[in-house]
Structures are given as C-alpha cells and as structure tokens.
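Coming up is one lone chain in structure tokens, specifically the form predicted on its own.
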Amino acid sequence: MLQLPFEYFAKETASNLWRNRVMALAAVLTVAVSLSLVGSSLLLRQAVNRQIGEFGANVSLEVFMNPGAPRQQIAEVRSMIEQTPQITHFTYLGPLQSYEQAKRLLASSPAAVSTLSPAVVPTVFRCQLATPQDATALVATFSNGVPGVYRATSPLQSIHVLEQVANVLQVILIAIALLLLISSLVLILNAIRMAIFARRREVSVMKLVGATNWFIRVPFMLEGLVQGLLGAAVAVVIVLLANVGVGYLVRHYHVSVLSSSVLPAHDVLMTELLVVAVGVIVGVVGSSVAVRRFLEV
C-alpha cells in the first residue's frame, strides 16, 4: 500500500522517538524545566511592573507631627500642605485616629500596644500626590526643619527596592534557563545523532533509490520539533498553574495589596505563546545542527 509523505514522516518520527525514548524523555524534561523558568521570569517581570504601576499611581506622602505638637504648628503645616500644588488632597489623623491606627498595626504585639496612648502617638497628614516623581522633593521639603514635623515619609524607596529585587531574581532565573536551554539543545542533538546512526543503512538505501535530501531529513527534523513542542507543552501547564496558584493565594489570604500580581488572561496567553515559540526554536535548531553535522546525504 502506497504511503503518503506525511504518513511516512509521522511514522518515522514516532519510530525514532520510541527507539531513543530515554534520551528523548530527558530532552523533553530539560526543555520543560528551562522554559518553565523562562515563563516564570516573564510572569514575575509583568507582575512586578503591574504592582509598581499601581503603587506608583497611588504614591502618598505622610507628614508625621511631633507628639503633643501645639495647634498653631499643626495649623501652619496644614496651611503649607494646602499651598503645595503637587498635593492634590490630604486627610488629617488626629490623636485618637492615629492611636487607633497604631493599635491595628501593632495588634500582633500586645506589649507594644500597652505602651501607647493618644498623647504619645504622633498625628499625621496623609497627602495624595499628583505625580510619583514629586515624592522625593516633598519629603525633603517637609523634613527640612519645619516646626512641629517629626518626619515625612513616602513609599517610593520601597518601590525602588521591589524593582531592584525583581530585576535580580529575573536575571538569576534567565541565567539558569539559558544554561538549561543549552543542555536541551545538546540532548536533542544527541537524540537525533543516535537516530541517524541507527538508520544509516536505511538512509543509504533510500538515497540509492532516488529519495531527495529533504525527504530523508524531514523525519529527523520533526523528531527535534516534537521534543521541543512536548517540552513547551509541559512548561505551558506549569506556568499557567503558577499564575493560578498566585491568584488563589492572594484571594485565600485576602492579600489585596498584591492583587495586581495576578496577571490577566491576555498577558498569560502572550507569555505562553512565547514559551511555545522558544520550544519550537530549540527543537528545530537542535535537530538542524544534528542533521547538518551527522547526516551525510
């Protein structure tokens, strides 16, 4: 019975994969691990960017007054805030409000709470800024010897630290992923080389009966492609589960401040497509190098 070319290619590819199943499995798993790290690093970068964007859009300035500051100094600071164009609006927490807030923040430390009272807790002005870039200058302005001001703070420095930590983690993940991708290329190359050596007599016969070079090469090329695709498929599942897991933890523990870390479906889909593309490239490159180097046609 006459076989169509694609039927022959599929049969030979499956045969080669089964014949070298241990090497093929090792290549698939290595591709899966490396692409999982690639996908995870991309998700981390996107999640941090979204989180920084949300924090940056809501950067605030907190001006803490000295405990027991006289009303005149509080009124002067209020006037100073009202006359600052970079501040869009503000709220003032008086002694009782500041005390209640301190109790909530220190609820896990009863000993610390017992030492507090409205008289020793500093009152605070919470100011919303027009743009995050103004935060550093305003912190310096209100910290520079303004009467009655204990300290002015902004979370901008925390945002910078978050970004730096994310950059370091991403570099580490990408470096490990690149090493594993190189290992994947070598494993796929060796798997194709073994398949070529196992079928060298058959290749010679096919050449004698007039088979074209590409007809002989395609099954070996497909073998590498399938290995890359299988590894990418496993990585896609792992990356998807990672995003779902983060979303579950955020919802389960009610960590609303990290809600932006859960990426929307569109962003996850784009990341998954990139992971598949890298898997295809790894498989094709590995098999191409092996065919060019070891298959004499």
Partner chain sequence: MIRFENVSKSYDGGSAALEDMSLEILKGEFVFLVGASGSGKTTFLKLILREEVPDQGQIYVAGREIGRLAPSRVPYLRRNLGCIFQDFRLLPNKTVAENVAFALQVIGRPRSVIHSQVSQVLELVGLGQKGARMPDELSGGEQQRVAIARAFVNRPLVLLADEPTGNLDPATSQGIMRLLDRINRTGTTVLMATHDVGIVDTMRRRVIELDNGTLVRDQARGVYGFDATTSTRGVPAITLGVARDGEPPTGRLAAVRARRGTR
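Treat the numbers as computed from the prediction; the structure is a model and nothing was measured. Positions refer to the first chain, counted from 1.
Heads up, the form predicted together with the partner chain isn't pictured, but that's what we're talking about next.
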>> Which residue, 186, 96, 105, 205, is the contact with the partner chain in the model of the complex, using a 4.5 Å heavy atom cutoff?
In response: 205
> Which among 75-83, 210-218, 160-168, 114-122 is in contact with the partner chain in the model of the complex, heavy atoms within 4.5 angstroms?
Replying inline: 210-218
>> Within 4.5 Å, heavy atoms only: does residue 71 come near the partner chain in the model of the complex?
In response: no
>> Within 4.5 Å, heavy atoms only: does residue 6 come near the partner chain in the model of the complex?
In response: no
